[in-house]
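Just one chain is shown here, as structure tokens, and it is the form predicted alone.
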Amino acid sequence: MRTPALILAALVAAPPLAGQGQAPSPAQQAAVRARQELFRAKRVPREAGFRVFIVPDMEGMGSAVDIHEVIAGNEGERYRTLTSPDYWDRFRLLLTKEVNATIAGARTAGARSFVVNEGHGGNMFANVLPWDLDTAAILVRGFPKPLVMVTGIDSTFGTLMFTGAHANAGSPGVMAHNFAFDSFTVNGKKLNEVGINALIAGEMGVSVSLVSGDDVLLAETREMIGGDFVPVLTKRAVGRMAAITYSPARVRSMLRTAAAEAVRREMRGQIRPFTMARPYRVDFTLRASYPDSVVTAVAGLTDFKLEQTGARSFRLVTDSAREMGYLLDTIEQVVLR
């Protein structure tokens, strides 16, 4: 293994991972390996008490129905016009208030330690307003980060909660999608973003106790990972960018109540981690909207034993859900910017 000094030298000297215009070079992939050695070993500071890991997304939060409400415009060339003052002035604050409500509810049931990992790619995973976030929370933000949405989670956490989650790619939910994929399955089972991260956490013995989002998201997640979690219905989808919504204040009230119930269930041992049989056969198809250069770049990744199974489709067979998460981070680096 390289020494820390050599790793840091590689990080300084090597260029960033290629974007959509080209496949990553050997030097760029070497830089990724150096980052992996340095960053994957980092841990969130451990605090006493029952620990809650919260992943906030934006598409499924209360009131949000349009992409201009959840995008900063700096995520890549095709995103530059997909923003509005509402994202900067309104919806980031609503997002932060939803997280705070979740923390407040969990606290009433006895939780004492809170880690919030930015799960939304808008503004390069920096959407929560740190200055308005509950002061007890440790915040994980920015990009890239080793396990994307669950970076920092480990077996010491008592539960995992998802707020503002959205439905799977191809589903009739509000702003439905799934990372960089048109389809994603593990052992033939479709998984959305909640399901993928529930599997990574489940491998560590951590279960999902709360999921909030629209009606489509809640129904498909229940089918994917089981119905142990406490659901919070933020809105009912009536189109890809239309919904029957509740007021933000009512959503926050529901989140407080649900988070308290979720912690109580976890403390009673009533929620099981989501697990699947190993090895994991991960099959995915990159979005049809991406240029061919993205496919070429993913095909050129040498740190994963990827088999190309179709024009835009790939397979990874692994015994580690973490490796699946590391692959997601690497593909996000190819896609974003």
Partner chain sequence: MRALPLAAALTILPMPLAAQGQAAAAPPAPPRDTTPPGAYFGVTEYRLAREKLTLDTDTRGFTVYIIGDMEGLASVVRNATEMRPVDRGGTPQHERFRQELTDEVNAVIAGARAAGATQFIVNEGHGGTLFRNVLPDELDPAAILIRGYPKPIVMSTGLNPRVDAMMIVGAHANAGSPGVISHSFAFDSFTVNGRQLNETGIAAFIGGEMGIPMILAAGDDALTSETREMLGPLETVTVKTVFSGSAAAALSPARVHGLLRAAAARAVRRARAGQLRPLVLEKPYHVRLCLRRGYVRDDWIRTTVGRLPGVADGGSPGCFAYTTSSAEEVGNLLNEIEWTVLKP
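In this text the structure is predicted, and so the values were computed from the model without any measurement. Numbering follows the first chain given and starts at 1.
Absent from the display: the form predicted in complex with its partner chain. The rest refers to it.
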Legend entry - its partner chain contact in the predicted complex: N123, any heavy atom under 4.5 Å: yes
Inset, instruction - Check whether A111 has any heavy atom within 4.5 Å of a heavy atom of its partner chain in the predicted complex, and answer yes or no. - result: no
Legend entry - Any non-hydrogen atom of K305 within 4.5 angstroms of its partner chain in the predicted complex: no
Inset, instruction - Would you check, heavy atoms only and a 4.5 Å threshold, whether E47 touches its partner chain in the predicted complex? - result: yes
Inset, instruction - Please name which of the stretches 221-229, 188-196, 132-140, 260-268 has residues with heavy atoms lying within 4.5 Å of its partner chain in the predicted complex. - result: 132-140
Legend entry - Output flag, G202, R322 and Y326 jointly within 4.5 Å of its partner chain in the predicted complex, heavy atom basis: no
Legend entry - L38, M276, A31, V295 - the one with a heavy atom within 4.5 Å of its partner chain in the predicted complex: L38
Inset, instruction - Could you check which residue among N168, T151, N100, S207 gets a heavy atom within 4.5 Å of its partner chain in the predicted complex? - result: T151
Inset, instruction - Sequence order please: the residues of 74-98 with a heavy atom within 4.5 Å of its partner chain in the predicted complex. - result: N74, W88, R92
Legend entry - Inter-Cα distance between M241 and W88 in the predicted complex, nearer or further [3 Å or more]: closer
Inset, instruction - Could you tell me whether D86 and R236 have their C-alpha atoms closer or farther apart in the predicted complex than in the shown form, knowing the shift is 3 angstroms or more? - result: farther
